[in-house]
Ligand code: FBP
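This document starts with one chain, in the form predicted alone, laid out as structure tokens.
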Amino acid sequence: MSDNLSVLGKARAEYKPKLPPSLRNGTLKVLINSGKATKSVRDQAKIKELFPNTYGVPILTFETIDKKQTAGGPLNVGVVLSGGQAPGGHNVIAGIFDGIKAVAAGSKLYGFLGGPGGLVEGKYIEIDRELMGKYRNTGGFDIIQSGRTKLESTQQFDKCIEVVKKMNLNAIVIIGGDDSNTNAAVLAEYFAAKKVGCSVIGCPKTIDGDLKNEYIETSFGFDTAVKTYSELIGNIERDANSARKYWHFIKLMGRSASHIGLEAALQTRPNVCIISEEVKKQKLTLAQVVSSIAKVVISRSKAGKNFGVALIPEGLVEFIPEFGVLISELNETLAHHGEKIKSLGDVASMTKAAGKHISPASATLLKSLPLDIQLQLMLDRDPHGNVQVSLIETEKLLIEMVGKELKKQSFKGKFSTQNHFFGYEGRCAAPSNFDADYCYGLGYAASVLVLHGKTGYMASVRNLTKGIKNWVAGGVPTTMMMNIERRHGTDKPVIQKALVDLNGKPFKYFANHRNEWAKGEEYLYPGPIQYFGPTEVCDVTNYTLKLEHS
């Protein structure tokens, strides 16, 4: 055991993750049942054309049988952590480690360093029992670190083949989000076409919660991350209700979907929570979003309550139709006139110059924004020359614009504010018991898929709200989740993101209660994640899962 573990860390190191029945006693008593042929969520003909060797394979489930199975010899497996961190990644690796060791004691697990780039470059370490013991039930990806290298070129794939052959690998498990698992599917197809003889398996990871479907009920890390944020939000709510003098605007991670914001709202009951998908569906303008918040501020002030808590999703501005048009037009304008506009120096001159090249509506919107946001939109660009939306301080933007709206309405109350951004605080938290168990099960399921030589699959553990004895482990074809999207001017096969379902039970529950939460102090204070004690306290999952599968 590592000497630098805290008291809690040492206790957590002794935790034994629970497994569903079909994965218990190692992978020695597992049979794979195949179902019907599958198809992609959309663009079936195109996806089938791009994945001729891995498309259409059946969904797999595991069942316990009496017949003992072995691998016919030790397995060599490589593992990659890809993309942003999420609580539980170390337990996925632990599940793979224990699973392949159960099949054959001489099996070896290799961790590629720094993400997919480590796979391409052949940089790795062997994960042995001593090293694995230091990281069980811990947060973070620091056992081998992560990276964001995309696997998409033939040159990269051929380098991967060289590494596979040199290391004599039976399989590679890629732990990542939708883009990472898309890359894993493309790599699996390439290996199959080249008859490399190495499986590629994915595991569903992202705290954003947007990698899910009927068979992937949730991505790992979401449960822990939102519970971590919700503890902090609950603390702020209690402070707000104690001091009664501040409005707290809290931006939460989740650029492409509002699952984090919605779940945090269900756990804490704030006075305001904006859901990006609803904003987009209703085609709300920025002014309308601002006005909706101002109405709550005014209503509470009239009741003598000059305080409150508002949750803001990180990617809100991209879901506001007029803001999306503005960003698109600015991207085009700055691509052709950027140097001239930037040379003007002061923000007002730059805004005026940019306004000549964009639509009148976009020019009006740009001019209405706070000066620092105007500057950010014109100066902060990514390597492709596009606006870095994730860097826009949306919470500060709304604070300033709500303040202006209140002045326009001759507001007589007080609007003192505090701004927060909760993001990195949740990505490497020690996994909840749910995530610790779920991740370990995903890793073990991946080892079973490896044992049977399956490729192009994502490990799956479902039936998650029915108690672990009813959890169902298996594998889902990654091509089943794909569609074609336009990326950087090219049609690409990608896993379809799961946005907040405005007809789903979690959103409907929120929508039915938000007016009540806006008026009063219905705050819930979740407190810190509990690891020890009654199962109803320690093993409870999140509201989103419970409501979706009730």
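What you see is a predicted model; the values in this text were computed from it and never measured. Just count from 1 along the sequence shown to find any residue number.
Keep in mind the form predicted together with the named molecule is missing from the figure; the text below concerns it.
Taken together, G84, I207 and G254 are fully in contact with the named molecule in the predicted bound form: each brings a heavy atom within 4.5 Å.
The stretch in contact with the named molecule in the predicted bound form, judged by heavy atoms within 4.5 Å, is 254 to 262, chosen from 119 to 127, 254 to 262, 323 to 331, 454 to 462. Contact annotation: of the candidates R427, K101, K212, R300, the single residue with a non-hydrogen atom within 4.5 angstroms of the named molecule in the predicted bound form is R427. Listed residues I373, V279, I358, V389 were compared with the named molecule in the predicted bound form; V389 is the one with a heavy atom within 4.5 Å. Remark: D223 does not count among the residues lining the named molecule in the predicted bound form, judged by a heavy atom distance of 4.5 Å or less.
The named molecule is not drawn, but in the predicted bound form it has a heavy atom within 4.5 Å of R148. The closest heavy atom approach of E314 to the named molecule in the predicted bound form falls within 4.5 Å.
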